[in-house]
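A single chain, nothing else alongside it, follows as structure tokens in the form predicted on its own.
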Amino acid sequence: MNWINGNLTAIGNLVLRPFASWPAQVTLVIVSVFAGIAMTIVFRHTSNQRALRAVANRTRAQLMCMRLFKDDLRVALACQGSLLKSIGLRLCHTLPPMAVLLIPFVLILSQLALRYDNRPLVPGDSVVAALHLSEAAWSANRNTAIQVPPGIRVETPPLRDDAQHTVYWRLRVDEPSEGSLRWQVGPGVAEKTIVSTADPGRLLTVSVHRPGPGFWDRLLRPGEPGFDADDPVEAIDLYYPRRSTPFFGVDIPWWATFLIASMIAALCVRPFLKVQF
């Protein structure tokens, strides 16, 4: 999973690099439009278009029947029953392509989350770093010290949570810096990237959580390699500020913008690609 995440993140950085200086909202809409078009093409080639068109035609006929015979209760109820069957059949025909789209959809969202969930740090920001140790490694490593790159300084002494086997530090950014936080844990060194910049709107890869060995943890947090099950470190968190992506004065979540823009794009290209949803 680490290999897959590393390659996908590298591809994402390569694709988004030309838009690094653009407003984050504009880049998000562009990516969403292309994603919507790509998903429409995949839907067309993985679904039974002939069956979907037949069900769509029956649905329209049943709706027309309900309008024409709205005064005849028996006929109207029969049309409603047939309409419900058509809706269920249409749903069954859309499940296979949706199952195919689920995997790339999750991978795209997890990559976008790396850029849009949180913004990079700027000079003057403070951030909390949390080192989560395994129960077996806690006693021997609870006094481990943090090493920070140039431009970052440690503001507070370590705060140790014996119940959760976690050590916390508060860090402050003095100047833009890109490097890694380091801890000497056992015989090895644990690292966590930290990203700061002079421009908070710049679209950079911001990894809040370096995951552990869990599959879902690694799938949904692909920014850094996950720790193995036998590592003394279970995970590392760096609580970056949330990114704001307002549109027309309304600060809606980035994933809502992605869904809306991709669906609008899919509906717009549907007649040209001759796709039946």
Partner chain sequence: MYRSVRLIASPLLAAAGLVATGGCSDASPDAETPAARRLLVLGIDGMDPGLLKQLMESGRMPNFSRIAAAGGVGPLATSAPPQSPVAWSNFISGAGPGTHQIYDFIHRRLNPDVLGLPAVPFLSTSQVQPPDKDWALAMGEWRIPLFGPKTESLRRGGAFWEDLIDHGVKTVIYRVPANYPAPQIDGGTFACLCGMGTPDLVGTYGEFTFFTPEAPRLGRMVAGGRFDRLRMHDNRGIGTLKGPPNFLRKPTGRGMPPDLQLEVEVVRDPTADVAKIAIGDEIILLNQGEWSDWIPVEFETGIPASWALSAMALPTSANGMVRFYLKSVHPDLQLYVTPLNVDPLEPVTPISAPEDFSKEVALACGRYYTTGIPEDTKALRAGALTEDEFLSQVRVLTDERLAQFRYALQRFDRGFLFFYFGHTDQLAHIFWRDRDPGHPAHNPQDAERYGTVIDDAYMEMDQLLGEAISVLGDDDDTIIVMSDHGFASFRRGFNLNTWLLENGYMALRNPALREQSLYLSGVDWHRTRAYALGLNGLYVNLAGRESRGIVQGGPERTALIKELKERLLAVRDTDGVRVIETVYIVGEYYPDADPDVAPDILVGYADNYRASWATAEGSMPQELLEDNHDRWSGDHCIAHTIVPGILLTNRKVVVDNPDLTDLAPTILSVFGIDAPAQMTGRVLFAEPGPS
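A quick note: this is a predicted structure, and the numbers were derived from the prediction, not measured. Positions refer to the first chain, counted from 1.
Here the subject shifts to the form predicted together with its partner chain, a form of this protein not shown in this document.
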Candidate spot R142, D162 and Y168, all three touching its partner chain in the predicted complex (heavy atom, 4.5 Å): yes
Sole residue of E155, D72, E178, E175 within 4.5 Å of its partner chain in the predicted complex, by heavy atom: E155
Proximity to its partner chain in the predicted complex, single hit among V100, L83, L107, V128 (heavy atom within 4.5 Å): V128
Stretch in contact, per heavy atom within 4.5 angstroms of its partner chain in the predicted complex, of 192-200, 73-81, 120-128, 178-186: 120-128
4.5 Å heavy atom contact, F34 and its partner chain in the predicted complex: no
is_contact(F247, its partner chain) in the predicted complex, heavy atom dist at most 4.5 Å: no
